[in-house]
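The chain below stands alone and is given in structure tokens; this is the form predicted alone.
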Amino acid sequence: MKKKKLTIAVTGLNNTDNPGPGVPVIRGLRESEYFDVRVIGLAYENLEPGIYMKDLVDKTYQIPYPSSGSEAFLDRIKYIHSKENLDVIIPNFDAELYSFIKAEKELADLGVRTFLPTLEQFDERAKSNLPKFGEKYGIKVPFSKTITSYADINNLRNNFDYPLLVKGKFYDAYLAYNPEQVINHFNKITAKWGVPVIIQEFIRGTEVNVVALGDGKGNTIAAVPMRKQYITDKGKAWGGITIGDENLVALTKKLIAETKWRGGMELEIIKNVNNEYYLIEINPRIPAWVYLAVGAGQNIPEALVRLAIGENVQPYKSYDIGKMFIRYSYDMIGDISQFEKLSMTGEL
């Protein structure tokens, strides 16, 4: 079969101890049976490792943070498109999704496709809205509330037992055993992400995760569950294994059917000692461990691109149980001239 040539831009090239999904997404695209891809990296920082992976990224452009304003952000994307004739963009960070969702129609008018949740879906599953989300869709969710000041911390003892989880609105989650630790975590999170900060009941049990893809019509195109085998001090999976949990897959399909979820997603779930499932978070994009799904037989990045360009994609019917992934560090050798060129021109 002759592969279709596409130029695809990908964000999330920070493949560090807190990895972005960009590099594993690109690996999935490189292994596609349908596409011959030219990959354009979109980087926020000039030391993101994916920039310098020549076998994965054909060219990289630096882009401004969404906080710089939607106009500057979109102008840069338009400039890159004028140079590279992009077919698809795959954003991989929560904090940038709002800008891309808002710009979806304008990008489509230029011929650039995305496949993202709607603004309503994006807002509905936000951490601060998760209790209402669970109530609406009949899914157990730990009790949580938002706080915005030190005064709120003093009142937590009225609603929570320690330990409890302290979470940022986009990223970061810390376990706190007393009010002093809550204050420390509150300061750390607000310095990076601002308010509100989410306080969530701590559920004891085993964390299981699902990477999934919905077609926007209620169909689950892909769903692969895994259990973390090794976790970093940032709470990120450094090793994991696919598991055969029909209840977990059924829960995922139910959620996608009822929300008509569009795009990639990750469900973070705690399975307690009574075999009850508590949804603790929904990440509205492909997670950094997606390459495990590719290795288990479901190439989610490939399927997402097929949906983005309007193809009819049939759901995957199975995946390999017992497939493992293990991350590792790898030293790449580059030249200061590469760093200088990207810093001065914004292109490499």
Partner chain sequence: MEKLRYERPVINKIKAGVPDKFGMNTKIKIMPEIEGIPVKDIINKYGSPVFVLSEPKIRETYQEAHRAFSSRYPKVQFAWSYKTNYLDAICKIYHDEGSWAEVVSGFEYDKALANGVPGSKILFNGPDKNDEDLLKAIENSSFIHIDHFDELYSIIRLTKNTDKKAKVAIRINMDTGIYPQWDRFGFNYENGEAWNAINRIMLSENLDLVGLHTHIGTYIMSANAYAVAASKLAELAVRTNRKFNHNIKYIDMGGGFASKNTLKGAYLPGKDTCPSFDDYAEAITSALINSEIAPDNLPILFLETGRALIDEAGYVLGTILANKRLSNARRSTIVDIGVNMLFTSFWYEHEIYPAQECSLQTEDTAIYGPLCMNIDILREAIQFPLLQKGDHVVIPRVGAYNMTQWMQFITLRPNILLIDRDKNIQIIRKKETNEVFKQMERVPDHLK
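Keep in mind the model is a prediction, meaning the values are calculated, not measured. Residue numbers count along the first chain shown, from 1.
The same protein also has a form predicted in complex with its partner chain, omitted here; what follows describes it.
No member of the trio R227, Y316 and Y319 reaches its partner chain in the predicted complex with any non-hydrogen atom inside 4.5 Å. Heavy atoms within 4.5 Å of its partner chain in the predicted complex are found in exactly one of 209 to 217, 135 to 143, 194 to 202, 258 to 266, that being 194 to 202. Though the partner is left out of this view, T148 does reach within 4.5 Å of its partner chain in the predicted complex, counting heavy atoms only. By the criterion of a heavy atom within 4.5 Å, H185 is excluded from the residues contacting its partner chain in the predicted complex.
Using a 4.5 angstroms limit between non-hydrogen atoms, L307 is distant from its partner chain in the predicted complex. At a distance threshold of 4.5 angstroms between non-hydrogen atoms, Y44 is in contact with its partner chain in the predicted complex. Among the residues F160, Y277, F170, W238, the one placing a heavy atom within 4.5 Å of its partner chain in the predicted complex is F170. Using a 4.5 Å cut-off on any heavy atom, the residues of 40 to 70 that reach its partner chain in the predicted complex are, in sequence order, Y44, E45, N46, L47, Q62, I63, P64, Y65, P66, S67, S68, G69, S70.
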